[in-house]
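The chain that follows stands alone, in the form predicted alone, written as structure tokens.
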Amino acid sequence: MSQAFAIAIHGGAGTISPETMTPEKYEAYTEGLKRALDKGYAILEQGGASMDAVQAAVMELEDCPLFNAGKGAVFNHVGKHEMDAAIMNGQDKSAGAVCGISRARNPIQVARAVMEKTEHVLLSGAGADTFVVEQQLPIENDEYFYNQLRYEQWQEALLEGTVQLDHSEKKMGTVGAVALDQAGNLAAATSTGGMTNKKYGRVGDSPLIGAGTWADNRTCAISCTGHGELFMRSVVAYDIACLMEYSGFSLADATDKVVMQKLVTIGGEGGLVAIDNEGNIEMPFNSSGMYRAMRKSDGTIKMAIYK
């Protein structure tokens, strides 16, 4: 009997009120999630690697303007796009990440290249953009990333003088995927456009290994979404793996403790998708909603936005 395999994805967590969710919007978001889920699952089903599955799923979400990553990335304070992404291989804990890049069509593809083509884990800003060109990865101009809704959100945030989370009422955010393949290897990938109106080259938890992204075959793979600063301060992804490795927690108990207890006590809003080395999946969130979906080789399929 071949090893069970599975994938889980998210398209952001936050204040998603059912009142403002029209049937059309609901259908568009679920269709976007379904495309990404199918893309990743097909790779696993054919015996492909979890690394390829999470990358494919995240690239699909980056190409969908509904989500705050890639094409749908939000505007920063000066009206530009600064994108972050990370990918991690649970087999040997190798990882690659980028932050503050502005021209790459698919930031997760760049993160994978950092992992495979350099001796580094994290490249930032102008240097990372140079790396994108050197690697001949697809780049786009500002028009590609322009989105009317995102522009209006930025203008609103400028007027209010605030930083908006990537998941206020009108938009959703950070995207990610975790998977277990037929060889028993775990992988995680996360990509984001960050916060609307962010300043000073702000970087959140998504590209930080251990904070927003983690994978280790011995325990689990995690991709987070939410208020990045609080996730960084809590080292959320690694904390869950540690509870499993050192305290013998199950995936369900570890994610519950971190998302529903530890984060809540410091006001950390958000959620995550997690998978352990047996294919168990958890998708907890302490916000009003989280775009999420999962599919397992035993036939289980789930797609949801609210509790």
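Note that residue numbering begins at 1 and tracks the sequence as displayed. Note that this is a predicted model, so its numbers are computed, not measured.
Just so you know, the form predicted in complex with another copy of the chain exists too; it's not on screen, but the next bit is about it.
Participant: Counting only non-hydrogen atoms, choose the one of 185-193, 86-94, 136-144, 102-110 that falls within 4.5 Å of another copy of the chain in the predicted bound form.
Facilitator: Contact criterion met by 86-94 only.
Participant: Looking at A28, A252, C242, A42 here, can you tell me which has any non-hydrogen atom within 4.5 angstroms of another copy of the chain in the predicted bound form?
Facilitator: In short, C242.
Participant: I'd like to know whether Q155 contacts another copy of the chain in the predicted bound form, with contact meaning heavy atoms within 4.5 angstroms.
Facilitator: No, no contact at 4.5 Å.
Participant: For S247, is any heavy atom within 4.5 Å of another copy of the chain in the predicted bound form, or not?
Facilitator: Close contact exists here: in the predicted bound form, S247 approaches another copy of the chain to within 4.5 Å, heavy atoms only.
Participant: With a cut-off of 4.5 Å between heavy atoms, is G79 one of the residues that contacts another copy of the chain in the predicted bound form?
Facilitator: G79 lies outside the contact set for another copy of the chain.
Participant: Would you check, heavy atoms only and a 4.5 Å threshold, whether N217 touches another copy of the chain in the predicted bound form?
Facilitator: Flag for N217 set to no.
Participant: Counting only heavy atoms, which residues in 283-307 are within 4.5 Å of another copy of the chain in the predicted bound form?
Facilitator: Not one residue comes within 4.5 Å of the partner.
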